[in-house]
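Coming up, as structure tokens: structure 1 and structure 2, two forms of one and the same protein chain.
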Structure 1
């Protein structure tokens, strides 16, 4: 009888352990990417980036961002960005063709020299226009590029979250050793991400500072990326957010980099 009781207790413990997490780590990450990077068929917003150094000095970047999905969440996407200010980046444009299982194509138009520059795949972790976000942070990283493990469930600022560890499969292609993510159990929005360097030291922290529904989609309206080693941070505010605008495929082409459509620049 005692043996049966112990066996039943162990079985119940395993059952509770497996069901408490609810789903596998990779499923959590896929749902998080769908909620964070893929809501709606397309997306348009005005974006204000504030670059702040450790002494509190600020620089501003203001841009219009467009995004269109091609297929289901987790599939191909295209991004287009037009910079309004400051003067040194005004009229600069950035185009991304993102693919789920291979390196994205990225182009940057530099108006001062009227040059379209192709951004090499190995530059995807470089700083995006001087900010603490990398090119890859802007458009996202494919789920399949990392090994994911579900560490635990806990509360983050009163919200129920999954804590997921993501380790790059090809460590030589990235500048971080692993990432921890605090992902909302209801909306699957990432509330916080911690990036650790290859020595295991905390290097960057992403936080979602304001989240609200827009046209039925949970949207991160304010977000911050901080380089904890340098003290520099980038604060981003989204406004005039619109989904499902019927954006034309022709907007997301190399031609639009130099010949800006009116609906983007206005």
Structure 2
């Protein structure tokens, strides 16, 4: 069904498009987001993050991450995170309600003072738990915020990819000037993304290092974001990945921050 749709849209855009490439750049990006950020109805994984500086010194972040989609790909999502490491933040929990068209709502439970606090941060610039990923890198950026264009089609490490250039429409709201993505023609997983700063020099590089199907969903098990200017990088490894567990809505509420539901500690 999906391939049929893709084939149809390729045929359509071949016929119609002014870009002269296979399909419209915006469609490619939309599909890529659906495959990369929205697979399944819900999702659970153990996430190990290594924040590594230029000299190889590491900081560890280990957490359990749950995600549930509300609506179609590209729509609202809720995330629940439970930290295991570093030791002094054990039991810290973090809830994110993500809306594609405005800043997310976030709550954090701080066990030392037994307090749930709402946190406001700028998705576009803030780092995700001190890593080289911004919140937006983790949860995505609304497709219509950028002008997308298909630069070319090529082979990336033996795979057929689209190379898409995305230029933010409101440049003052973000830190980068434009982004290039190497998107798999079959799975629509982004193999590589290059972020360029406003001076036009390369600033950050995302790579998907290991990809495998889990319950039929193509999943990026290992990924890296490297800040090429500072030499700092973040390596992320997923394990215990499970889709469609039937996570309940009540899990993604302020209440469960303090009183961890069994579904998570399990």
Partner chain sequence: MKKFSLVEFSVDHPKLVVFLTIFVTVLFMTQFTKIKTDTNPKNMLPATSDVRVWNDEVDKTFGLYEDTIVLGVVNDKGILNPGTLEKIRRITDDILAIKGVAARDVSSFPTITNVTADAGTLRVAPLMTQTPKNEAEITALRKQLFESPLFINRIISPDGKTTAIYAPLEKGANGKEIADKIREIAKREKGDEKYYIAGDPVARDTFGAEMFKLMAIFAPIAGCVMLLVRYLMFRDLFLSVTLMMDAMISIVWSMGLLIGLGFPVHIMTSMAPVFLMAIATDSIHIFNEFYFRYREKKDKRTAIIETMQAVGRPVRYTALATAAGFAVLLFMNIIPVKVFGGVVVFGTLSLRLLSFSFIPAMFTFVKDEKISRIAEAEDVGLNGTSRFLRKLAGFGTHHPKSTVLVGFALLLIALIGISRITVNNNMVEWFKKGSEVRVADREINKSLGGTSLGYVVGISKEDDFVKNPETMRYLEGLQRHLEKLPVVGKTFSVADYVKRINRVLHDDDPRYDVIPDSKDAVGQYLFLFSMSAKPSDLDNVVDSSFKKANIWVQLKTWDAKAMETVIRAVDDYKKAHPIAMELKPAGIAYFNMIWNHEVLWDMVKGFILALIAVLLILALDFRSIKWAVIGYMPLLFTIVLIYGVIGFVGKDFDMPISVLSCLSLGMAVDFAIHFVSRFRQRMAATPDEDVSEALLWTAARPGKGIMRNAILFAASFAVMLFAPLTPYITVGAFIVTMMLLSSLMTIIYLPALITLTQRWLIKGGTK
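Positions refer to the first chain, counted from 1. Here, rigid core means the biggest group of C-alpha atoms that superpose within 1.5 Å across both forms. Nothing here was measured: the structure is a model prediction, and the numbers come from that model.
Here the chain appears twice, and structure 1 is the form predicted on its own. A movement of the C-alpha atom of residue 191 falling short of 2 angstroms is seen between the two structures when the two forms are aligned on their rigid core. The rigid-core alignment places the CA of residue 107 2 Å or more apart between the two structures.
For residue 167, a C-alpha deviation below 2 angstroms is recorded between the two structures after rigid-core alignment. On rigid-core superposition between the two structures, the C-alpha of residue 116 is found to move 4.1 angstrom. The two forms line up on their rigid core, and residue 256 then has its Cα shifted by 2.5 Å between the two structures.
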